[in-house]
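Okay, here we've got a single chain as structure tokens, the form predicted alone, with questions on binding and movement later.
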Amino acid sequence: MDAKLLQQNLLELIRRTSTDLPADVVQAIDKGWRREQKDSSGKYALEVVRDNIDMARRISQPICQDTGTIIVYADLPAWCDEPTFIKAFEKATVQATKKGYLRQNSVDSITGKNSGTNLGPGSPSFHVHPTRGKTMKVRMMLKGGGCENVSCQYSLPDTRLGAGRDLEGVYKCLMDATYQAQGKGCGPGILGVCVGGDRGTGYVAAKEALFRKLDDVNPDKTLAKLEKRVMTDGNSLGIGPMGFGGKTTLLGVKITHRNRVPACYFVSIAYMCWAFRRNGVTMSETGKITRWLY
């Protein structure tokens, strides 16, 4: 593949991710808007959200001023090695920042200096894996700071919640996380959840769960039942859009799991805001984008 063509494709992926929400997210927001009571604060909040979505798409500008952490998952076939891909994505990131698709959003944690390019240690956050197929698959997500701030992790048992080391305890954690977020995470939100793992792998898996479409069904029947229960009960809390009250507190719940050591039982929750910016593409060796994933 020509490196410049790869960079151009990745730039378009970044642009669309930042400025155009996927259809499943828009449909979930529209469903919430229809559910809210006429002339209520919750319905008005979702009207503003819908206008924002339409305007961002129309003028190709970021849906939110906080374009957040750039999270990238890439499945690379033999014809594209990891250094080549990362170099192309970093160049596309710099270009996207100059064009205004991304905010200058990467700050050195020691000096406080902003790189101005969105590049730096851990920025973007790459998760690169080899694949035996001939097709490259790239998925990315922009996760804003507001929703990241209300992400959380529980260690069970939790005496405060009365939550034990079982799925009923997991349920109590998810309901508590939803309640604690209130409007601070730019709700209505989506919960990406991992049951198990360690403190690090749990959060990684919880974020990766957010790549599932909102209208899919978990293939694990036990987790599918838990997802539905949390969605129903979470939307009964009355928190509503932006915490203004209403029937739409959650747009989705996506749960996965990882094995754990006997001494630990973590529940990791990656909270995503309504501006659920994720997209992905598949590409052929010729450089053609063969499919948009969302």
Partner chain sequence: MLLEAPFTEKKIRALKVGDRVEITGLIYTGRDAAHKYLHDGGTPPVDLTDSIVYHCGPVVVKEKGKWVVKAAGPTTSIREEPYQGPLMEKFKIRGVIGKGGMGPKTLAYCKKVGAVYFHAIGGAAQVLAKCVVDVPGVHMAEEFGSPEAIWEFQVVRFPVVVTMDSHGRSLHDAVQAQSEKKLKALL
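Numbering follows the first chain given and starts at 1. Just so you know, these numbers come straight off a predicted model, no measurement behind them.
What comes next is about the form predicted in complex with the partner chain, which does not appear here.
- Heavy atoms of no residue among Cys152, Arg165 and Asn259 are located within 4.5 Å of the partner chain in the model of the complex.
- Taking the partner from elsewhere, Thr84 is found to have every heavy atom lying beyond 4.5 Å of the partner chain in the model of the complex.
- Put simply, Tyr271 is far from the partner chain in the model of the complex: not one heavy atom of it is within 4.5 Å.
- Of the heavy atoms in Trp33, none are within 4.5 Å of the partner chain in the model of the complex.
- Though the partner is left out of this view, Gln182 does reach within 4.5 Å of the partner chain in the model of the complex, counting heavy atoms only.
- The partner is not drawn, yet in the model of the complex one stretch among 192-200, 205-213, 219-227, 172-180 has residues with heavy atoms inside 4.5 Å of the partner chain: 172-180.
- When the partner chain is considered in the model of the complex, only one residue from Met242, Val253, Ile29, Ile70 comes within 4.5 Å through any heavy atom, namely Met242.
- Residues Asp39, Ser40, Ser41, Tyr44, Ala45, Val48, Val49, Asp51, Asn52, Met55, Ala56, Ile59 of 26-60 are found to place at least one heavy atom within 4.5 Å of the partner chain in the model of the complex.
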